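Shown here is one chain on its own, the form predicted alone, set out as structure tokens.
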């Protein structure tokens, strides 16, 4: 998982360490400097020297009656100044060099361009003018700030699916949740995973076979329904999907079922027909949640599809499948920022329980690992 991005960031960190090390050697060769005191005794001697200098200055000042009395500099102030002088200021030129390499890595890892710009801008604001303390590695500062910025982006649109379902069911029943996205991205399997999760929490579920266009879509959903012991409401292939979902809602109302999970078509080659169909589904069935599903390994294609569905139909959140096979991680970083809507779950395998509730810290840990 995220092997490509992890290796790129690791190489970036080593390269940054090497640059800093070479820079230090260059400065030492051309500009010899006084080494700081290395022991407590030597530091104490230095302080005593400062005290002696101050005492001498005061003595000379007392004798010079006609001269203006010099201002005294306290011992604490001198020690603070000594510490500050030993810190290294991170200047804008150095930050620009860092960002140039980092931006390329992020773009190669399928992070959307506007997200790269956001990360770069925030990183620059946090690094320029910052003081690097003695013994502190510049690469560690950069990586730590990068982690925080990515986490902030991921957490900007937080949403708890489980809490939403629990709260909403106190107001109405059934909940109508529709799933949108292109064919072949794991949408139908994801619906089954959500059904299993809801059933594990004690909710009753019915499935609506709203993808009446794709050959085998109804049969695929029925297969999942049989495995899970869940009823599937269906019509004939080519039927009006809005009518199928409407019938599923009416069935749920009559049987006291908690949640309707509705599949929809994803035929991108007839984009206008798809958008018109989804718009009709939303108008007729008034879903409580519209969830976009795509595969993490699709990279920027998934990000652009999410943008399109959000702008054309409107989505409330996303689920990313095949996260376990994604070597880059750019989709997960980008999709929430681009749509302004949260990531709800991550699909980590083919089993019904291979669905992880989204957690930015979980994702950050797997992207950065032991870097």
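Residue numbers count along the first chain shown, from 1. As the structure is a prediction and not an experimental result, all values here were calculated from the model.
Below, we refer to the form predicted in complex with a small molecule, which is not included among the displayed structures.
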{"item": "Contact test in the model of the complex: residue 193 vs the small molecule, heavy atoms, 4.5 Å", "value": "yes"}
{"item": "Exercise: residue 129 in contact with the small molecule in the model of the complex, heavy atom 4.5 Å", "value": "no"}
{"item": "Close approach of residue 304 to the small molecule in the model of the complex, 4.5 Å, heavy atom", "value": "no"}
{"item": "Close approach of residue 242 to the small molecule in the model of the complex, 4.5 Å, heavy atom", "value": "no"}
{"item": "Contact check for 176, 251 and 282 against the small molecule in the model of the complex, heavy atom at 4.5 Å", "value": "no"}
{"item": "In the model of the complex, the one of 274, 182, 154, 95 near the small molecule [non-hydrogen atom within 4.5 angstroms]", "value": "182"}
{"item": "Heavy atom within 4.5 Å of the small molecule in the model of the complex - the one residue of 147, 137, 214, 122 that qualifies", "value": "214"}
